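Next up is one chain by itself, shown in structure tokens, the form predicted alone.
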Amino acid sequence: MPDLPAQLARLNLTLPTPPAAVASYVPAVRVGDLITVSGQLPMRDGKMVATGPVPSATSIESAQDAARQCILNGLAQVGHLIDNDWLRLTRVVRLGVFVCSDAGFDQQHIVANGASDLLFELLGETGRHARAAVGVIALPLAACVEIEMTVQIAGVAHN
């Protein structure tokens, strides 16, 4: 497993404070060696980075950037549950990527690549995952993308 903090620094990225839930759910749940992270919106510093359907209101490139922000927010949720002991992260298992899409738009997988590519760049093989990329008519708070993730962790904290 690559050193996540070093990889983030190399890319001039930081994990935010884990975003709070915006409705009646918890941001992440651990069951056994899996953590499921609820859908993360592309919020940065309390503001949505891109809104509306792709590609009419948000370009594919901006949506990819928003997908990367969703991943940073999701990793922040994971870090919170594992006390930022990144040696415990053994695998990103699955992403569910939801893209607010114009009628006829069929490039959701290209938007999702923004998230997938960042995970591979940060985590190497540990970041490779199964994925679904789905077009939807609307997302909470007018987000252009929302991403849920499941990761596998080692059960024992490292000292």
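Heads up: residue numbers just count along the shown sequence, starting at 1. All values reported here derive from a predicted model rather than from experimental measurement.
Not on display, but discussed next: the form predicted in complex with another copy of the chain.
Site residues Asp3, Asn73 and Asp83 are none of them in contact with another copy of the chain in the predicted complex, judged by any heavy atom within 4.5 Å. By the criterion of a heavy atom within 4.5 Å, Asp117 is counted among the residues contacting another copy of the chain in the predicted complex.
Ala142 belongs to the set of residues with a heavy atom inside 4.5 Å of another copy of the chain in the predicted complex. Another copy of the chain is not shown here, and in the predicted complex it never comes within 4.5 Å of any heavy atom of Pro55. Using a 4.5 angstroms limit between non-hydrogen atoms, Asp102 touches another copy of the chain in the predicted complex. Annotation for 130 to 153: interface residues with another copy of the chain in the predicted complex are Ala130, Arg131, Ala132, Ala133, Val134, Gly135, Val136, Ile137, Ala138, Leu139, Pro140, Leu141, Ala142, Glu146, Glu148, Gln152 [heavy atom within 4.5 Å].
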